[in-house]
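First, one chain by itself: the form predicted alone, in structure tokens.
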Amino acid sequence: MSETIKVLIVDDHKLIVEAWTNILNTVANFAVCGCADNAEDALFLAHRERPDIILMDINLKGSSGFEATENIINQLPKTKVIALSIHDDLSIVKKIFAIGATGYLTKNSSKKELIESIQKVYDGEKYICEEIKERFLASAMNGNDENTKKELTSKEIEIVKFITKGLTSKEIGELLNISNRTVDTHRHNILKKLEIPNAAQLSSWAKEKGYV
């Protein structure tokens, strides 16, 4: 008889949590041992339940899935984390693997792939979803990151942090001792470089990257 694989789900979207719970509880040797919608509760439940696998949304509201993943792996090294995101940005994948995650799925992944990823990670393998696997492997083999052109300078990152806090160009300029026009130029260059249309999506991007 197969061993039961205990799974903890960490996501702040109730419908997703309910869907994943229903899916996993239909698998004979899977058992959802808890659900959390923030990093603090995730860490508490991880210590209490000692799950084999954690499905970790890296874009939690009000907290960082990156930080939660790092804390859990450091404190509970036997627990393995499969990161989940709506994004297929390879730099995000590389960052979460560097922190210690063992798997990565996008939220476009199928039910079959969700189940397969948990089983393979439990068995000691690493797992990257099919949607980005080929690009990830090609990037690793070539030693290149297709998102290098999207990397921001330290000054741009600093400005992004201020933008996500809702500061105006004038307020940012005063804090950095630069003109409003210079800030506007930075804003324009940042959005163009990242191929992001507006500040709202820039804030989402910054959170995914762990900058805020």
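Rigid core: the largest C-alpha set superposing within 1.5 Å between the two forms. Start at 1 and count along the sequence shown; that's the residue number. Here the structure is a predicted model, which means the values were calculated and not measured.
FYI, the form predicted together with another copy of the chain isn't displayed, but the following is about it.
- A residue is said to contact a partner when one of its heavy atoms sits within 4.5 Å of a partner heavy atom; I99 fails this definition for another copy of the chain in the model of the complex, lying far away.
- Contact annotation: L84 falls within 4.5 Å of another copy of the chain in the model of the complex, judged by heavy atom distances.
- When another copy of the chain is considered in the model of the complex, S110 lines it closely, a heavy atom lying within 4.5 Å.
- In the model of the complex, another copy of the chain sits within 4.5 Å of a heavy atom belonging to T26.
- Against another copy of the chain in the model of the complex, the set L43, Q75 and L191 makes no contact: no member has a heavy atom within 4.5 Å.
- Comment: 163-171 is the region of 178-186, 163-171, 66-74, 46-54 lying near another copy of the chain in the model of the complex, near meaning a non-hydrogen atom within 4.5 Å.
- Contact annotation for 15-32: residues with any non-hydrogen atom within 4.5 angstroms of another copy of the chain in the model of the complex are L15, I16, E18, A19, W20, N22, I23, T26, listed in sequence order.
- A displacement of less than 2 angstroms separates the C-alpha positions of T21 between this form and the one not shown, with the rigid core held in common.
- With the core held fixed, I159 shows a CA shift of 2 Å or greater between this form and the one not shown.
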